[in-house]
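Okay, so we've got a single protein chain in two different forms coming up as structure tokens, structure 1 first and structure 2 after it.
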Structure 1
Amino acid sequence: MPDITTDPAATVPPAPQGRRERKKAATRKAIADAALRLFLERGYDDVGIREIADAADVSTTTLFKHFPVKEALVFDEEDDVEAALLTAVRERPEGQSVPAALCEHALRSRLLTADGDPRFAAFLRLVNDTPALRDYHQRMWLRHTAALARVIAEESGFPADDPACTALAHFALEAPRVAQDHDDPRRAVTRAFALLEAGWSALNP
């Protein structure tokens, strides 16, 4: 449904849709904010759903209409993360290999180290110290496997359903998790990708 408005000034800012959607977004944000605040204060497992709903001044049913499960409260605004991943591969510098591009992307993403920002550091600690959150995040992250595999296939000329593409995609997405258990995550990521890089180049014609 294209937006054909008579008044062009009404649609200048990013996407301020009707008041309805704005209000919806507002309560959604209120819930997510309340949740994150409470989680950081007292830990994920020691905060109940009802408590969060109360803090955001909504009912628990409303809460669950915005977020499918408790874990999702923490990972709001995780759109365009897939887009970033895919373009990192597609628009990599001339001559750079696919695994190398993925490695750089992994190092660039702040999932490993929150340099500077103490608020983000606290967030990272919350996620990594809470098994439920770690697992959920990884599950969500792996949902990009198929899309990434497709892009890899395009970029490398392999058939779209070549298992090697899926494998590389999956392994690349798992790499950060593997690295997080090491004392020097950045080095670990690099080393894991060295393995993939060498293997991938050997597979190419």
Structure 2
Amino acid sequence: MPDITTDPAATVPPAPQGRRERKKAATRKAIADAALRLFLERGYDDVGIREIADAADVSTTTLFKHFPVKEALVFDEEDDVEAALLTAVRERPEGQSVPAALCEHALRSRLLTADGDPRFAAFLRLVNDTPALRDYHQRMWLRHTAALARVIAEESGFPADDPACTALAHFALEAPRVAQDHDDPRRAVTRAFALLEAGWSALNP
């Protein structure tokens, strides 16, 4: 994924790294950058693993140590993605509901905008136009369900295993995919979250 900060307030300062960790991180970034460049130039399905390894000047063995499947090459910042998602809930403005905060985050980080970063737009087009990446992307998002549900519970004063928190987390992560085929995806996302807001408000009168 391109190094794009969609929400400066949600940036989490990285922990200090040792020399070995920095070298591994640099290798991983070089592989991911080479893969994304080739995918954008020629299309995901027309680029092979060997080509990516050669472009990054690593062996295929090294590549697979960092990225066990081809799809993962496009999504190399999942820890940062989850951190930004959780921060959107924890650091929402006073008086803003959890569904409203999640709606803002979805609109900001998962949909194209006319004045958005062109690199981010190219990345999203690549994902949305490639079935394998689109499905993998959604599976990656849904992996954040448990962590998001825990934060929602913490922020709302509910038990950690409250099913309502898990349901809200799941449907909040699912909503942008449901909306992506609509003529007006932003309106579709907003309407989906309005439904979640209504249900959530009923639990928090």
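The first residue in the sequence of structure 1 is number 1, and each one after it adds one. Just so we're on the same page, rigid core means the largest C-alpha set that superposes within 1.5 Å between forms. Worth saying up front: this structure is predicted, and the values here are computed from it rather than measured.
Comparing the two isolated chains, structure 1 is the one taken from the form predicted together with the DNA; structure 2 is not. Taking the rigid core as fixed, one finds a CA shift for A26 of 2 Å or more between the two structures.
Relative to the superposed rigid core, D79 undergoes a CA displacement of at least 2 Å between the two structures. Put the two forms on the same core and the Cα of D54 is off by 2 Å or more between the two structures.
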